[in-house]
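Quick heads-up: it's one chain on its own, the form predicted on its own, in C-alpha cells.
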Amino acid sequence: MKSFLIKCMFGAMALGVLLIGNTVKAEDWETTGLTDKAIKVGVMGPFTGNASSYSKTQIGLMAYFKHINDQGGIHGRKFEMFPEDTACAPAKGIAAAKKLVHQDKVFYLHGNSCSAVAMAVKPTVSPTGIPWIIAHAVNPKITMPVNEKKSIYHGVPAGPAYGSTMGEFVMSKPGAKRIAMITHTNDWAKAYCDPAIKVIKATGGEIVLEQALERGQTDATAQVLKLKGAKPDFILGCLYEAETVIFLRDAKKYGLRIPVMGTAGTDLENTLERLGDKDAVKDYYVLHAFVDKVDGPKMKKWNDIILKYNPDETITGFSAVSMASGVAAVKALQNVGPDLTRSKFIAELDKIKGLSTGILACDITWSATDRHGCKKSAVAGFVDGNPTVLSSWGKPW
C-alpha cells in the first residue's frame, strides 16, 4: 500500500510538471523568435540550382527588411534574417524548414519560391501554427483551403488569379480561337494552365494541341514541330524559366513564330538574358506582377532599396515581387504594437484589406477564410523592341 501511495505521489508530481511544462511551452510558442530587440525571420529560397534566378525575390525581400531596420525597425525590434537554401528541391526544402523551425526557432517564415517545395514543406510547417507568408510560389493549394492553424498566407497572386489573367490576355488578341499548350505536367503548371483553359473555353476558344515539356528536359524539337504543324493562333506556355528558354530557342530555330503566353515563373529580362537573343523573345508575353515595367519610374524606389544593400544585383522581374508581402507584414507588425505575439500577428494579417503596396498590380486583402491576397496581374511583352506592361493585347497598362 505504501509503495502504491508513493507511486501515486510521484505520478501526480510528474503530471503537474507536465502541465506546467505544457503551459510554458504554449507561452514560449507565442514569442519564440522574439527578443526585445529582434524579430527572427526564416527566408527559404532557391539560392542555388537551375532555379536560382528566383532567389532574387528573397534577396529583394531581405533588402526591404534591412531598409526597415535602418529606419529604426518596428517598435524597437529589428529583423534578424535566416536565409536557407532549398535549391527548388522538395527534400532540401523540408530540411531547411525543419532547421528554421526547430533549430533557429524563428518567429515566422517569409518567402519560398517553387510551389513543389512549398507543398512538400507544408506538412512540416502547417501543424506548428508558425505564421508563414508565401511571397512567390503560386500553387493555390499552399494556402487554400485555410490550414487548421490558420497560419499560412499568399502574398502574390496564386494560380487562379494568374491563370485567369493568362487566358484573358490570350483571348484579347483579335481572331484568337485555336490555342495550343506547352506545359509541365506537375501541379505547379496545372495551377496556371487550368484556370487559363477555363477562361479560353468560356470565351470561345479551343485547345487544339497539348505538348508536355518536363523539368530538366534540354530539347524541345519534337514539341516545337508538332506545335508548328497545328497552326495555333496563340500558345499557352506553363513552364519554368529554364524550360521556357529551351522552348523559345527551339521555336526560333524551327520557325515557330506564334505568340506565346508565359507564367510568373519567368520574366522578360531574365529570359532575354539567358537566351541572349532579342529576336527569340519578341513574340513572348509573360505575367507581370508590377504596377510598372521593371525599370519604370514607379519601381525606382524599390529597385534603389535592393541595390543599396546588393550593389552587384541585376534587377529583373523577380527582384521586387516579394517586397510587397514584406510591406504587408511590416504593416501588421506595426499594428500589433510592442506586445507582439504570433497570435496577434496572425490576427493583424487577417485585417489587411485593400493594401496598395506601390509594387504589385493588385491590392493585398486577407481574411480568416481567404488567404489569396492578390486577385489579378498585368502582362509584359516586347512592343517595338521595348519591354511594355499591358492590360490586354495592344493596350498598355
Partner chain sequence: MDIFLQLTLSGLSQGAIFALIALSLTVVYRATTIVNFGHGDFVMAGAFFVYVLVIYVELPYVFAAISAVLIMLGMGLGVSRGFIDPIKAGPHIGFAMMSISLGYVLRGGARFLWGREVFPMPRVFDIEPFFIGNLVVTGDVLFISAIVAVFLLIFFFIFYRTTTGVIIQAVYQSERGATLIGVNVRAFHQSMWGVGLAMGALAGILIAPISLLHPDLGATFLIRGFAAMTLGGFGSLGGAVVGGLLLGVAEQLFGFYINSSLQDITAYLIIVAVLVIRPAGLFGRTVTVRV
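Here the rigid core means the biggest group of C-alpha atoms that line up within 1.5 Å when the two forms are laid on top of each other. Numbering follows the first chain given and starts at 1. Just so it is clear, the structure is predicted and the values come from calculations on it, not from any experiment.
Note that the form predicted together with the partner chain isn't included here; everything after this is about it.
Contact check for Ala212: a heavy atom falls within 4.5 Å of the partner chain in the model of the complex.
Contact check for Glu80: no non-hydrogen atom falls within 4.5 Å of the partner chain in the model of the complex.
Using a 4.5 angstroms limit between non-hydrogen atoms, Pro297 is distant from the partner chain in the model of the complex.
The shortest heavy atom separation between Gln217 and the partner chain in the model of the complex is within 4.5 Å. Judged by heavy atoms within 4.5 Å of the partner chain in the model of the complex, the contact stretch among the candidates 252 to 260, 129 to 137, 297 to 305, 198 to 206 is 252 to 260. Here is the short version: of His75, Lys282, Arg178, Lys226, the single residue with a heavy atom within 4.5 Å of the partner chain in the model of the complex is Lys226. Using a 4.5 Å heavy atom cutoff, Ser52, Thr221 and Ala242 all lie near the partner chain in the model of the complex. Shown here without the partner chain, the chain has no residue in 117 to 154 lying with a heavy atom within 4.5 Å of that partner in the model of the complex. For Gly265, the Cα coordinates differ by 2 angstroms or more between this form and the one not shown after the core has been superposed.
Superposition on the rigid core between this form and the one not shown places the CA atom of Lys231 2 Å or more away from its counterpart.
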